[in-house]
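In the form predicted alone, a lone chain appears below as structure tokens.
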Amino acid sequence: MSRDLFEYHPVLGYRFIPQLKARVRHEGGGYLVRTSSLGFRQTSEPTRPRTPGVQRVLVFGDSYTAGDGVSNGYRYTDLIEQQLDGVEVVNFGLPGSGTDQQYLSYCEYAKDIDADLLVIAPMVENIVRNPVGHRLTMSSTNGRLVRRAKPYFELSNGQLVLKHSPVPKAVVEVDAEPRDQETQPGIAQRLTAAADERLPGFKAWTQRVRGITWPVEYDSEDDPAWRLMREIIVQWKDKASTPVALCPIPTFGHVQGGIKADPYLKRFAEVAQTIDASLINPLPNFLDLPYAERGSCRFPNDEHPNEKGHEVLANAIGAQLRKILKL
């Protein structure tokens, strides 16, 4: 990136610079970023009065929702808006965020916005971001590895306790840690990768045979990371003035069929039933594609969805929203 896209925020840790228009260099050829006065990638101002007869949907997530790698108009939220007549979809995606920051974004900017539906759409990896108070990220100005503080919650007697409020402002550059023997890819991994190049799907097959699940924090309902994420979702539903839909976004390990999705789907189904929320599962739409075609839904190096991946997400989520909104 040739310029910084984000600014410090005392509640969220950071947000997009408000009312920004920028082009970002990327392996996909670059993409356009446009933000609203709230500091999210929104092409219209969500605080403006509702259009009569138009239902409004608020969507929260991380970079898969914000749309890293694609221009505003090609994200799944924008495509859904094009698919569904009489529906406005407002994107509150925050790249690199956990479910905790997404919840705080709602409390800070969206709880008073007049809407018909709240969609909580965490990429399933977000569960490992919630318990930590700092994250390593790349500086968008010089490409250096930096450690940034983030808000986070702890559970105390079943109650959420917010830490890092306000969020410490300091950003510390860190040296990349040298790869040691434990982090070097093993012989089996290298052989598997080489075989996968010759026989697409071989890696996913070996993962299925080994019964790999990830993140493992979804394996048990008593896992501390899941208990924390679950409580964030429950409290979010309590704060919401609209119906809620949960939409866990799969990783491409799940999309390509190597990593089992059953654990995270079970956890989200349980909490959806508890809080009386709709559950949207976009994974089957990816699995319906031929295996070779699934890989073309992401960038070659960047594991974010490309325009085709966002189209698959839009078709899956849009079909469920049509039912939920009774269109």
Partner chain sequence: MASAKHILGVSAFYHDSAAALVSDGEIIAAAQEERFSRKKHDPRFPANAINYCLEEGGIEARDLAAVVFYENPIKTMDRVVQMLAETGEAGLGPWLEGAPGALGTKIRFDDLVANELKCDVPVLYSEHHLSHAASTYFPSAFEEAGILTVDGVGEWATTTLAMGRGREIEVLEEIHFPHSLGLLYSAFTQFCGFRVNSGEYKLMGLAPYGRPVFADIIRDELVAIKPDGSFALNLEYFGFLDSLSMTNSRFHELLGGEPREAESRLTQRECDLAASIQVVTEEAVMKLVETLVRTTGTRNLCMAGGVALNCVANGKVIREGLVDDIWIQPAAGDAGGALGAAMLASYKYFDIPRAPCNKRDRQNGSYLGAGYSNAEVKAYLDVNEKPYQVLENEERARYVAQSIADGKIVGYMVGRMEFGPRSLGSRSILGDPRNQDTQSTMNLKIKYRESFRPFAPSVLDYRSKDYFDLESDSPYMLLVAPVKEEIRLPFELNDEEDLVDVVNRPRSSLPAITHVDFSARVQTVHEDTKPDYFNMLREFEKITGEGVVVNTSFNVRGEPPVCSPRDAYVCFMRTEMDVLVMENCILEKTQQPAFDDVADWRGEYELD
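Just so we're clear, the structure is a prediction, and the values are computed from it rather than from any experiment. Residue numbers count along the first chain shown, from 1.
In what follows, reference is made to the form predicted in complex with the partner chain, a form of this protein that is not presented.
- Although the partner is absent from this view, K308 stays clear of the partner chain in the predicted complex, with no non-hydrogen atom inside 4.5 angstroms.
- Residue contact check for E293: none of its heavy atoms lie within 4.5 Å of the partner chain in the predicted complex.
- In the predicted complex, at least one heavy atom of K169 sits within 4.5 Å of a heavy atom of the partner chain.
- Within 4.5 Å of some heavy atom of the partner chain in the predicted complex lies at least one heavy atom of G29.
- For the marked spot (E7, A22 and Y74), a heavy atom within 4.5 Å of the partner chain in the predicted complex is present in each of the three residues.
- In plain terms, the part of the chain that comes close to the partner chain in the predicted complex, with a heavy atom within 4.5 Å, is 30-38 out of 30-38, 55-63, 279-287, 262-270.
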